[in-house]
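Take a look at this single chain, the form predicted alone, given in structure tokens.
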Amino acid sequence: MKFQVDRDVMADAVLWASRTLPTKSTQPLLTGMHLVADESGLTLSGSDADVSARANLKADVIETGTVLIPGRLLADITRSLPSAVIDFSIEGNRAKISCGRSSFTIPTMPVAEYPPLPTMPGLSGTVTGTDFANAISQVAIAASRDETLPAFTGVKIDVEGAVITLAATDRYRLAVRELNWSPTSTSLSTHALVPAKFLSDSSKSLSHSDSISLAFATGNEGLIGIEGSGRQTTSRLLAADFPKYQTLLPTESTTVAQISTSALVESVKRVSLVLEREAPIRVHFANGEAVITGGGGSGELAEAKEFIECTLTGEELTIAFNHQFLLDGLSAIDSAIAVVSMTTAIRPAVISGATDFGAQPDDSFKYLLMPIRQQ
């Protein structure tokens, strides 16, 4: 096996494939990166048994072959090499990597014992890289990081024809986003619970792609595949029951406030400076003005107060939130105006976005946030 490849191209591909490699594993061979050089170029693959990643790249293949080498070491080496052409060859049971005036030899691993990687499911449809990355970033913020509750660490994907609905929750908030795409069949109907981290990492890496292919396995395979720009990745689905989130979204509200998103974000950040531990931030919505307060009370606690322009439909209301959860939702709507729909101080509020005061909210994204009961 022998090939030449541009260092920058190689380093980028190795970074993509190595992101799935486990740091520790009961199967040591899974820490290796699988390289295949043939007439079509070079293919790099890695897997941790649940998630796999492949990268196809152009290379000048002098001798075809297959090899398995320590993946993270290869990533460290290629990242540190000068920007030049890499010469890669196998000499006995060692791989030789030369670039400029740098040279490394590293031991290979028994490639014949490497477990086969999952096969990419058949194509289900396509979506632009930017749209997919934006949609995933909006909902993934609401996913839990508590691995003891696997159902809440995923993003629920519901596909009905040309519309994908994404949802994630950690029990304290819920993010729901509708996304238009181009399915292979307008009658396609499927559902999947996918690890949020997998979707976040994959969508960010492929955000520059003009088109991303999504592949949902049929039957009991429990697999999703994502492909774009010569990169391919698969993940096993989460075997857990996601809550019926549609019933959580209020069908009506008695108080609707419209407020500048950027002004509210800055105010919440400043007021949160005085908050102790898990203390909430309080917002009093009134027609013409919203008052954001935090801290204070008994003792010598610091206190902060901010006033922001606000338009209100319905009754005045004071409601309290976890300040970081509120900031996450405001960042996710990506709109100039935040529309906050409420019923009472102890019922969930729904945040959506609008282009200007008085404009209709964009219902393609909704962020439901549980309030904190005030003492």
Partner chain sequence: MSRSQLNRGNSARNPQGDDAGCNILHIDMDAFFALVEVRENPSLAGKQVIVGYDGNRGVVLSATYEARKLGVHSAMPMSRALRLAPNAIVVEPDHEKYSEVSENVMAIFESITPLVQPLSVDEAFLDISGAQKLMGTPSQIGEVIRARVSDEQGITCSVGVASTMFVAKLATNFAKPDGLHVVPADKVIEFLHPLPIGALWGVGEKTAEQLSRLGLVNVADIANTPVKTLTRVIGQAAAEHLYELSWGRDPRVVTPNQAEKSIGAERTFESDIDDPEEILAQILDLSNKVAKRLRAANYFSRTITIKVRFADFTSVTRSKSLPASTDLATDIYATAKSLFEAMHLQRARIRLVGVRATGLVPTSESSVQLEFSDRDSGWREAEEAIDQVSLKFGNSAVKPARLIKPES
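Positions refer to the first chain, counted from 1. Since this is a predicted model, take the numbers as computed values, not measurements.
The following text describes the form predicted together with the partner chain, which does not appear among the structures shown.
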Classify K58 as contacting or not contacting the partner chain in the predicted bound form by the rule of any non-hydrogen atom within 4.5 angstroms, answering yes or no.
no
Would A75 count as a contact of the partner chain in the predicted bound form, using a 4.5 angstroms cut-off between non-hydrogen atoms?
no
So, L248 and the partner chain: in the predicted bound form, are they within 4.5 Å at any heavy atom pair?
yes
V127 versus the partner chain, in the predicted bound form: is there a non-hydrogen atom within 4.5 Å?
no
Under a 4.5 angstroms heavy atom criterion, identify the one residue in L174, A217, C99, I136 near the partner chain in the predicted bound form.
L174
Heavy atom within 4.5 Å of the partner chain in the predicted bound form: which of P150, P118, P280, G230?
P280
Report whether all of F325, P348 and R373 sit within 4.5 Å of the partner chain in the predicted bound form, measuring from non-hydrogen atoms.
yes
So if I measure heavy atom distances to the partner chain in the predicted bound form, which of the stretches 272-280, 118-126, 203-211, 178-186 falls within 4.5 Å?
272-280
